[in-house]
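One chain comes next, on its own, written out as structure tokens in the form predicted on its own.
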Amino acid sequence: MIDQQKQSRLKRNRKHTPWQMSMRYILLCLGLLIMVIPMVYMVSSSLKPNDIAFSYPIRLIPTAQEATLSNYDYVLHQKNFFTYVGNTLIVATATTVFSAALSSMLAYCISRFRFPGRNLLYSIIITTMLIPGLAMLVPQFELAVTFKLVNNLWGVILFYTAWVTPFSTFLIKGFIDNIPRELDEAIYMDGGTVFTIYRRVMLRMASPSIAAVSVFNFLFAFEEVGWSQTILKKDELRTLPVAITQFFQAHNRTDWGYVFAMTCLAMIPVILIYVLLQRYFISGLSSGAVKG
């Protein structure tokens, strides 16, 4: 099977002329530069003192004499910085766990069972994917006030979970649809229950798709600003993205070295999570989207 795939790939590549292949690599390199240069500029600016951050001519990489860690030292000694980091990790982790559990159970029920309103329920879940969470900011805020979730991390966690569950359910269902039903029947014959199948079969065999949506949900909850900024007003409850926004405004929108240093520190957990779990993220997305 693998040899056939390699042969078909070689046949496709032979159809392209050297000029076409060269243009393809040039375009890919240009796209890479467009994505990488802003990141490099941000990191290099975080290593420059503020008085030379906007010096002319612009130097993308600071010299050895200019490079300094004073911006990072300033940020790390800010009040509540590590509190912001802790709040963000709590929100992102809780959202990831709750959404993975809820969406996997929903996907299992919709994929395996036939019940009245099944298609309608799945259609509603798919439809909600088209509505951005911030589009319903006002009714969601009224709901949070009603249930006393304002200035409460649970108000962020529960709404984030509601936002990401539809897409997670859609992706996991596409993966579960391809798990043979004979496994379910074998467990039923051995006296197993629905929960046995879910725990021993679905969670294990659908783990790539669950891992993929978990990475996606963690990154989303870690980086989201709009809802957190709306519902969290106490300084000690703010998440890191909101703190960066407030920090930017507090420094008169001019101290870019400090802002870039805080942004670089905020990127470290996101990069680590993606690097460690990228193979699950890519394989889970492709399996759920193509097979389903």
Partner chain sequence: MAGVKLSHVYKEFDKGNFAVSDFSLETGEHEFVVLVGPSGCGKSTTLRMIAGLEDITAGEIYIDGKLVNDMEPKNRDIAMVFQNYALYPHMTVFDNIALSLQIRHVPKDIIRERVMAVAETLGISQYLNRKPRALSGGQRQRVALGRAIVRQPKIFLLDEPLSNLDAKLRNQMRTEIIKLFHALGTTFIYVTHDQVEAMTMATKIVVMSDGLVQQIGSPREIYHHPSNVFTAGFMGSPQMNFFERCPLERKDGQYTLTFLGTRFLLPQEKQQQLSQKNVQSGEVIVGVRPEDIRLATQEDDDKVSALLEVSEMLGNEVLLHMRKAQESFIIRVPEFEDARFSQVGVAETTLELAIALSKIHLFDAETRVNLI
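Only a predicted model underlies this, so the values are computations on that prediction, with no experimental measurement involved. Positions refer to the first chain, counted from 1.
Below: the form predicted together with the partner chain, not depicted.
This chain is drawn without the partner chain; in the predicted bound form, the residue among 89, 187, 176, 211 with a heavy atom within 4.5 Å of it is 187. The closest non-hydrogen atom of residue 119 lies beyond 4.5 Å of the partner chain in the predicted bound form. Remark: residue 76 does not count among the residues lining the partner chain in the predicted bound form, judged by a heavy atom distance of 4.5 Å or less. Residue contact check for residue 153: none of its heavy atoms lie within 4.5 Å of the partner chain in the predicted bound form. Taking the partner from elsewhere, residue 94 is found to have every heavy atom lying beyond 4.5 Å of the partner chain in the predicted bound form.
Residues 201, 204, 205 are the ones in 201 to 222 with at least one heavy atom within 4.5 Å of the partner chain in the predicted bound form, listed in sequence order.
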